[in-house]
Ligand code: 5GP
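Shown here is one chain on its own, the form predicted alone, set out as structure tokens.
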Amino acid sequence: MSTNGNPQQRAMPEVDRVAANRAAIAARRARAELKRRLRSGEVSPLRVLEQSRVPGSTEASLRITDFLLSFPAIGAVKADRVRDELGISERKRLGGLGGLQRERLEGFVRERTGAVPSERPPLTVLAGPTAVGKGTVATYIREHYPEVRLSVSATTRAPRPGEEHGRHYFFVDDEGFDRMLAADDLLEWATVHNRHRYGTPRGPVLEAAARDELMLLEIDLQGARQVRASMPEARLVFLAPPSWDELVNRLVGRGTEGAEERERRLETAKVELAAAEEFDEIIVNDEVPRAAARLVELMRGGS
């Protein structure tokens, strides 16, 4: 039946038009922010390509031309040539790529960024009970195994004297942290002492994996569980004490806690020790150099 005589059926209702305009503006802003982050190196091109598989995502809506223009030394002319070589139309968006087109584009990105596929896990996570010595082992690895990169966390707290952005932490404000959460850019995160937020950026981990580098994240058990959920291919390593008595000595040996606090810490340690079965590997921290060497051996692909 024709609706030509009914203008209400021909035109979009005003409220729908306003909502559509708002959605379009929000989508454009999200794409502009994604392009900025690509150009600045805050997010990996491989990560964007991976996320573009998600229908409705900002990455999926990014045009192939804009994606290519985010690479250093690629201008409009070169972007056209690359698209022609890959057999991809300029009107294509990342989410609309066919299987062969996506494969070709991923190959181009890996070649351009020097990334090579690897069978090693993209990330090794070191966790364990309180006072087991995770930080000591991680510090030893930093000082004695320069080929291993330690993951740098993002935080909303202000830098302390001597701390450098990108080396000790990525210092961001609350709005920036919210953007990272909204974009699924964090493998895990938590609020500490009901004040500042901390999280592990996903981009540097993927970029290190693309370059076949060894990346280590030293974290608590809750964070390790979040990483397992968001990156199942990561390897989780549990650092265990040589004995329960030794852990007790480390927990209460300082003599700074009262009896009630000591009991609480010991009960917590029992629960944390029971989590060992959730991990892929267990290393006993009887001697720090030996535990560190074993961990690096696992990261290099040993068994």
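Computed from a predicted model, the values in this text were never measured in an experiment. Rigid core here is just the name for the largest C-alpha set that superposes within 1.5 Å across the two forms. Start at 1 and count along the sequence shown; that's the residue number.
Just so you know, the form predicted together with guanosine-5'-monophosphate exists too; it's not on screen, but the next bit is about it.
Note on contacts: among Lys134, Lys92, Arg102, Arg149, the single residue with a heavy atom within 4.5 Å of guanosine-5'-monophosphate in the predicted bound form is Lys134. Among the residues His144, Lys78, Arg157, Arg179, the one placing a heavy atom within 4.5 Å of guanosine-5'-monophosphate in the predicted bound form is Arg157. Not one of Asp185, Pro204 and Leu206 places a heavy atom within 4.5 Å of guanosine-5'-monophosphate in the predicted bound form. The shortest heavy atom separation between Val125 and guanosine-5'-monophosphate in the predicted bound form exceeds 4.5 Å.
Among heavy atoms of Glu213, none comes within 4.5 Å of guanosine-5'-monophosphate in the predicted bound form. guanosine-5'-monophosphate is not drawn, but in the predicted bound form it has no heavy atom within 4.5 Å of Ile74.
Proximity of Gly223 to guanosine-5'-monophosphate in the predicted bound form falls within the 4.5 Å heavy atom cutoff.
Residues of just one listed stretch (102 to 110, 136 to 144, 157 to 165, 84 to 92) have heavy atoms within 4.5 Å of guanosine-5'-monophosphate in the predicted bound form: 157 to 165.
Once both forms are overlaid on the rigid core, the distance between the two CA positions of Thr156 between this form and the one not shown is 2 angstroms or more. For Met180, the Cα coordinates differ by 2 angstroms or more between this form and the one not shown after the core has been superposed. With a cut-off of 2 Å and the rigid core superposed, Tyr145 has a Cα displacement that falls short of the cut-off between this form and the one not shown.
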